[in-house]
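Encoded as structure tokens, the following chain is the form predicted alone, with no partner shown.
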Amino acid sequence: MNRETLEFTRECFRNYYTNSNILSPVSMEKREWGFIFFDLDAVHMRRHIAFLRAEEFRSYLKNLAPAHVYYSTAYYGSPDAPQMKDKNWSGADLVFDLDADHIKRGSYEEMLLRVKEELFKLLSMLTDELGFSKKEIEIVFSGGRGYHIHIRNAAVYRWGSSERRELIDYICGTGLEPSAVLKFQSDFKENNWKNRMLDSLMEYLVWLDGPDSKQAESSKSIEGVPKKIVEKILEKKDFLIEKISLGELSEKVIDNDVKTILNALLTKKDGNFQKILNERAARADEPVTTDTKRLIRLPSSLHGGTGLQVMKLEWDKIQEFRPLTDATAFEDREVRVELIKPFSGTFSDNSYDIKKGPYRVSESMAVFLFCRGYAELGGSI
């Protein structure tokens, strides 16, 4: 941004923070806060800040109008201590981060649609498999490319990184051992990793017969799998497809054949079976969950990279939520902008396919273009 664009955008943010109901997290006095400001020079975070009261915090936002607002998932005795070792950590919320940038490349709209699929997978795992209640789970649109899930549950409050690692490994399907998975999850009709592993095997065996497969039965070669096991796969392929689809696999077949085949296929980490299995995991950002001292975006704040609201979502509104319409934050008044590179996409129910040059757009669209680096303030139109 040039100086004029930056000042205009900062003033829009200031008006938002002055006139909006800004939320504050539970036990805010125990949280560390961090802010990134609009600056023409190098971007840096100002952190190790604490607020005792919500009024003090909201006044800070109105006066300084930061581009990004973060608070700690952790609770501290001294959240404003300048050294982490002196903060006196007492616990932390359990958080998950779904970022489309780690999942799919494409247009902004395509990435937002794809990451919502991962959101539903993750929510299903948390409630149906891991036993968390909806009342304990807060769902937040990040204002950027994804979603944050906050779990506030006394049972996980004091968990360290290792316990949180075990949970995120389950969510992401990391380090799965077929013997353990197939032994302890026996009900085929429920969602669990036994289901996912068997369904993935069936999909893989069907793929071997399809036009996209480069495997040739005559070659007896499948992704580096030993020849003896390849022969077993090809011999049992049709039988396994039928039995898995009907949910009629016997424990004997699982023990003698399925475990052997799965162990062999899982040794090829970049093989097609592993890719199929990964699609059944929820692709949460693992370091965010294992970090017990993470800073995360504040719901109701603005995202300085888009101008969109960081929004808390109700469970019954997730399906219909449209980030590029529902999370807009500014007025409909027209603003003159100068596009410095072409923009194509949908924003606030309007479709755009515009080239470099001057245009008049809504304030929300203008801030979005400024924050995304597509335009500057002005234009001769």
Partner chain sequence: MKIALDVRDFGKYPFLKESQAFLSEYKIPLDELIRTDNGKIALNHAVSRIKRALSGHAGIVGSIASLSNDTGRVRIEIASYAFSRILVSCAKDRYLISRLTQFEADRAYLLLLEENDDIIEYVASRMGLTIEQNELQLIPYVEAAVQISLPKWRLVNRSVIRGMVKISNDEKIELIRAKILSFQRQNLHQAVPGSICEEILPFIADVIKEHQEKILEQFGSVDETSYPPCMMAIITAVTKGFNIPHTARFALTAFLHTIGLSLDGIIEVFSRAPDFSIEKTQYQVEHISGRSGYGTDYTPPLCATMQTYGICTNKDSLCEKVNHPLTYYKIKKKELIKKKGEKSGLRNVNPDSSPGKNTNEDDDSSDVTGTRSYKEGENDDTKT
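In this text the structure is predicted, and so the values were computed from the model without any measurement. Positions refer to the first chain, counted from 1.
Heads up, the form predicted together with the partner chain isn't pictured, but that's what we're talking about next.
With the partner left out here, the partner chain still marks one of 231 to 239, 200 to 208, 109 to 117, 294 to 302 in the predicted complex; by a 4.5 Å heavy atom cut-off that stretch is 294 to 302.
When contacts are judged by a 4.5 Å heavy atom cut-off, residue 169 counts as touching the partner chain in the predicted complex. The shortest heavy atom separation between residue 155 and the partner chain in the predicted complex is within 4.5 Å. Interface membership of residue 97, defined by any non-hydrogen atom within 4.5 Å of the partner chain in the predicted complex, is confirmed. Contact check for residue 246: every heavy atom lies farther than 4.5 Å from the partner chain in the predicted complex. Although the partner is absent from the chain shown here, none of 273, 317 and 347 has a heavy atom within 4.5 Å of the partner chain in the predicted complex. Checking 138, 257, 286, 129 for any heavy atom within 4.5 Å of the partner chain in the predicted complex turns up a single hit: 129. Of the residues 28, 354, 36, 324, just one reaches the partner chain in the predicted complex with a heavy atom at 4.5 Å or closer; this is 36. Contact residues in stretch 73 to 87 (any heavy atom within 4.5 Å of the partner chain, taken in the predicted complex) are 84, 85.
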